[in-house]
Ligand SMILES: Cc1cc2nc3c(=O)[nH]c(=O)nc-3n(C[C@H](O)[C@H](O)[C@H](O)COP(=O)(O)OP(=O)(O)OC[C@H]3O[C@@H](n4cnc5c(N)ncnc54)[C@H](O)[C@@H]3O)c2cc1C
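For reference, the chain that follows is the form predicted alone, supplied as structure tokens.
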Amino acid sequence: MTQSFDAIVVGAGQAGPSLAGRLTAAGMKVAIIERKLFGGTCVNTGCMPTKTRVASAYAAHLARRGADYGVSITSPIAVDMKRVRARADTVSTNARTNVETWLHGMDGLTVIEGHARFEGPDTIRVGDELLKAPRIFLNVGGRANVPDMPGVDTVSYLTNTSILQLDTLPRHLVVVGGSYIGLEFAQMYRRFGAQVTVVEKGPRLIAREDEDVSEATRDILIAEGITVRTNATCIGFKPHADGVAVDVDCTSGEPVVVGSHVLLAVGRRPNTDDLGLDKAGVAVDARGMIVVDDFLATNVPGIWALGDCNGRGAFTHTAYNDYEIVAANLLDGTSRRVSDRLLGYALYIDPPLGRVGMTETEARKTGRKLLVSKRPMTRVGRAIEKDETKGFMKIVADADTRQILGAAILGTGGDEAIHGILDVMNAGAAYPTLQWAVPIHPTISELIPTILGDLKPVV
């Protein structure tokens, strides 16, 4: 027997539940299908459990620095990893339960738990049940990528998901991958007390950022005792009596690193390989990402893709914005586009990196006349008062249009302060609008008008 609906949502991550709420509020009969954990990556294996751990690691770090602030802590700082995990698990469980409760209580919504597979362009099978709808929305998320590196199948390794199950401290954590996820775990576990080595195949960390951001980030990590091995040209794995031997073969340093644990943090892949997309005729690219247009529609009429599986953004906030775009276009008669989205994001090491728009490198490649200004956090009063002066602030603008093209704030509060710039860019205002603002003292944001006043032509 086939059940008919006005719409089917596959996946209860960041976009799916909110979309179900809008569709049911519009009077539609909707089904939402979830095969595992409600809330998706953010709630279960991403933002919430990791940033909760980051907060615990920051507390340990600050406690060790007590004397710097005139606070005497007489006993050695001890980290209870079981308590750290329990605290993070509680945060995730509460958020997941809230999502489930909301969905199960939603009028007009049928919640189905199981694995969804297409039987045709408008039909989905979940076990023995067939569901049919003229509108199908895919919000199936992604998972850790495990490349076919030499020896990877001969050793035990962790991913960003399985490492969350640890409630003991690794003796030596080797993080393979010097980008956002890997660096957050690297600093976190170093602050918990582990020896940590970061292994990156490329010449520098977080390669999508400007070189000065990469170098400052490296300096921050090294200052905390993390070993960073870039130019790791021949990464491979072998079992070792002390854990795992990681072949590095860098241009300098020891060619092998032996760790008790290895974390693979080398990108993500979409959960699209077991949906039966071929039966629906839905096109994917070489990475398995569902191909969508500017309105998030696939090549098959009546099927949309939102969130990490569409290759148009790999963040919780971009997934939620995908929902906003689809809902506004379908229900509000608007014509919102993904290409109108101004991307901002953060790297949650400490101090964090807040980023929006183009890097300076990207802006230079456009051939525009540029203005650039940069100020070290050692010249920011709020950072000095907190004794957290690592990093810098940088803004890039178009000399002719006076539009801000991008900014980076690597420093205390950078993940929050960046929003002042992001908002002005979203509003399409010229930078003097923000330059003549009167921000609150003492804050990190108060230096933004000063930096804008120091913009100089790029030579």
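Quantities reported herein were computed from a predicted structural model and do not represent experimental measurements. In case it trips you up, residue 1 is the first one in the sequence shown, and so on.
This next part talks about the form predicted in complex with the ligand, which is not shown.
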query	finding
Listed residue that, although the ligand is not shown, lies within 4.5 Å of it in the predicted bound form (heavy atoms), from T217, N271, T298, Q187	N271
The single option of T227, S92, T316, N329 touching the ligand in the predicted bound form, heavy atom within 4.5 Å	T316
Site test, R208, G354 and G411 vs the ligand in the predicted bound form, non-hydrogen atom cutoff 4.5 Å	no
Partner-proximal stretch of 29-37, 420-428, 387-395, 66-74 relative to the ligand in the predicted bound form, 4.5 angstroms, heavy atom	29-37
G141: touches the ligand in the predicted bound form, heavy atom cutoff 4.5 angstroms	yes
4.5 angstroms heavy atom contact with the ligand in the predicted bound form for I181	yes
Interface membership of G406, the ligand in the predicted bound form, 4.5 Å heavy atom rule	no
Any non-hydrogen atom of A116 within 4.5 angstroms of the ligand in the predicted bound form	yes
Contacts with the ligand in the predicted bound form, stretch 41-60 (heavy atom within 4.5 Å)	T41, C42, T45, G46, C47, T50, K51
